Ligand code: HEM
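A lone chain, given as structure tokens: the form predicted on its own.
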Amino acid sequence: MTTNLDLTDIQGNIIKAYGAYNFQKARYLFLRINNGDKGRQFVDAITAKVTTAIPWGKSENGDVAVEKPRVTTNIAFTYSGLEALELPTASLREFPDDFMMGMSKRKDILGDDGPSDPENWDKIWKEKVHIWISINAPDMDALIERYNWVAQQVEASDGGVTLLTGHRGGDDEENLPYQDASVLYDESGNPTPKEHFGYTDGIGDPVFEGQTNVAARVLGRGKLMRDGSWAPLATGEFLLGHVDEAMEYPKTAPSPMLLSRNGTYMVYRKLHENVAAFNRFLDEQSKSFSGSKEMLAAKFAGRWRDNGAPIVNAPDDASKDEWDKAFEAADFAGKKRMLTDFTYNNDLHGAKCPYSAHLRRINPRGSLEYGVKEAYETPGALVNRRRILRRGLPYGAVKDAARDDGNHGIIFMALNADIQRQFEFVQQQWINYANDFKEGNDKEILLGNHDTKHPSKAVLQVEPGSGKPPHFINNIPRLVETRGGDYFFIPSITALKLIAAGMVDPT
């Protein structure tokens, strides 16, 4: 199937992961609408600056496109925000229940308990959040310039819109009016693809129809076909108004079509990383592990920390050395392929990449067939409808690696056409439960909501018949805590203009 998308109508953060385009800094703003008319005027002003998905420089087919912007701006709304903008009741009623309820009320599904309970979130999430605005830039000067412009539009609304405060920052700051995020830098000041646990991040985001026409980018990132090739996922898994993997239009799209088409839903989560707990846990577990500490860290994630090598293809220290040599010798396209183009066909028992590893839990590829020959039409039939686009950046700095109470982690944003079927399913069934992986209720190691009262475990399997015992990981601490978030609707440019003009008509 070939899908031609109107990239001028789609917000740019849906198609592009801005960090890959050297936009190293980000600032996320949250606002409340106090007056419908003034709120719509504010949306109209912001819409004029919204970054679309149109290619920058030369497009992939060689056509000249627009100049790369100095800064990007995008906007989205909670359900209560759309109510405050006075969308027609008939349209509002057609939004899905998960979006209507919002993230905090879905905490039992998401496993946001204990330290992740909404009661412990940043103060801003006690407010009524209506609007999310993101600003991405290659440097702080451009970012602050656009932030100041948005602040001017807030002031010009004459009380119609309020920029909310209450973000937790460093140095015990509690009431910042924005959430900053940034790539991490090495000791020489060079940007890195790392996050605070030290893993190379941002590899292998899904690819869907119409997003790219470069076949090499689909390898390992699309859907796995029966012949071992890869194809782009259906557009409707990520964009409303387009056919999805079930050959249907997403049922989560409200009317009229102009309101929903080319839009999507965004999950925004501020995830704090307990770096001290992670380091202690890794040190303790590595004492009884047969491989190196770095090999054990790779078992936790499914990738080696230094360069992201998939552990299924470099399952031990010796094979990792060989993989590194091949990686260094490969050209750019070859490196990309080595990082993404793999399956678990030769690791059905999880001896190389554990079933509790982060990478395998969030995208099992074709491995849920468990060796049953052609159990489904495609090897990834149980996976293709659970994929999510990931956006976001790390935030904060680890000022004391011996403590967990700092302000550092990842701003995680998931884009999908159906929050419940995609993000919530993965979070509930694959991260915090493991029945699909034949692992009972063993949680994913890094993101699981581990509870000290009911200690978590994980089993690092070995090859059957090897005569070696599996390695048991016990008393897994909670390594990642939720500190805030909500569900948002990202409209198309057409929909933004309709909302701003008060012209949404579901009839």
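Not measured: the values here are computed from a predicted model. Just count from 1 along the sequence shown to find any residue number.
Below, we turn to the form predicted in complex with the ligand, even though it does not appear here.
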Partner-contacting position among 135, 161, 150, 410 - heavy atom within 4.5 Å of the ligand in the model of the complex: 410
Selected contact from 200, 116, 182, 104, since only one has a non-hydrogen atom within 4.5 angstroms of the ligand in the model of the complex: 200
4.5 angstroms heavy atom contact with the ligand in the model of the complex for residue 235: no
Touches the ligand in the model of the complex: residue 431 (any heavy atom, 4.5 Å): yes
Close approach of residue 96 to the ligand in the model of the complex, 4.5 Å, heavy atom: no
4.5 Å heavy atom contact, residue 223 and the ligand in the model of the complex: no
Location of the ligand contact in the model of the complex, chosen stretch of 386-394, 122-130, 210-218, 182-190 [non-hydrogen atom, 4.5 Å]: 386-394
Three-residue site 195, 423 and 427 fully in contact with the ligand in the model of the complex at 4.5 Å by heavy atom: yes
Sequence-ordered list of residues in 146-175 near the ligand in the model of the complex, where near means a heavy atom within 4.5 Å: none
